[in-house]
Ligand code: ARG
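First comes one chain, alone, set out as structure tokens in the form predicted alone.
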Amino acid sequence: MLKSSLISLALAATLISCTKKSETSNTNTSASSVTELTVGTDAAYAPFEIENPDKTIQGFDIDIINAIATKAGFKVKIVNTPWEGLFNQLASGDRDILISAITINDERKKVMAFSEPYFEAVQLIALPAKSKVTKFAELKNLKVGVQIGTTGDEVVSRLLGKSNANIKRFEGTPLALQELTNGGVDAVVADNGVIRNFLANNTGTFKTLADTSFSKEYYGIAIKHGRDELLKKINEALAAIKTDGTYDAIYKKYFGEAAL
């Protein structure tokens, strides 16, 4: 009887010990478990996203998504993803989030969900300082550089014709602007943020031209349809960084002025 009791006590102690270890392990795992989401960005679009020689990625969009992640309580892994494959990577599930100066439009809304807008953009034309062009329509018979698949590509295609040989398409706007520097194109049409950043680094060499035919656009953070909880977290965090001054500080860092 005594032996049986001792065995029972020993077994009970062992079970209690095992239970405590299990509970402790679960607690530690829970405390250290923070969701990491993969973010796709085409890092060839300064100042929104650019890859450094050491392969790190920085830019306005990167600072914004990092600030949102901090507020929302998740981690992000930024992956450089070429523009032409960006949306397919989201659709396949290889990317959880896209942030890459992506214009919100009705066609894209059919295949992905967007956050509230985080940047207001409009197309600008970059021209040599000596250019006589005074409006967008005058580009019709000139060589124009654009980034493949962007709004700049769309508006220039409508003006010149999609298959016009005078449209020079590049994988990134910086490449198109480099071609403008080299004299290979007469103009580049792209988003205002990128063009203004380019002119800031090439003072006096180039000029910009706006056109009343260009409508305002809004950039959004894209995720797959159906991920409603993630979309809610992103929108709440975006609103929070706009309220607490974080957004304005990031905007001023890259564009030299407060957000409108």
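The structure displayed is predicted, hence computed values, not measured ones. Residue numbers here begin at 1 and follow the sequence given.
One more form of this protein, predicted together with the ligand, exists but is not displayed; see below.
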Quiz item: Thinking of D42, T103 and T151 as the candidate spot, does the ligand come within 4.5 Å of a heavy atom on all of them in the predicted complex?
Solution: yes
Quiz item: Only one of K135, R108, K140, R169 has a non-hydrogen atom within 4.5 angstroms of the ligand in the predicted complex; which is it?
Solution: R108
Quiz item: Looking at the partner-bound form in the predicted complex, is E217 within 4.5 Å of the ligand by any heavy atom?
Solution: yes
Exercise. Look up in the predicted complex whether F119 has a non-hydrogen atom within 4.5 angstroms of the ligand, and give yes or no.
Key: no
Exercise. Look up in the predicted complex whether W83 has a non-hydrogen atom within 4.5 angstroms of the ligand, and give yes or no.
Key: yes
Quiz item: E49: heavy atom within 4.5 Å of the ligand in the predicted complex?
Solution: yes
Practice problem: Could you tell me which of 93-101, 126-134, 178-186, 69-77 sits within 4.5 Å of the ligand in the predicted complex, going by non-hydrogen atoms? | Solution: 93-101
Quiz prompt | Heavy atom within 4.5 Å of the ligand in the predicted complex - qualifying residues of 181-199 | solution = D191
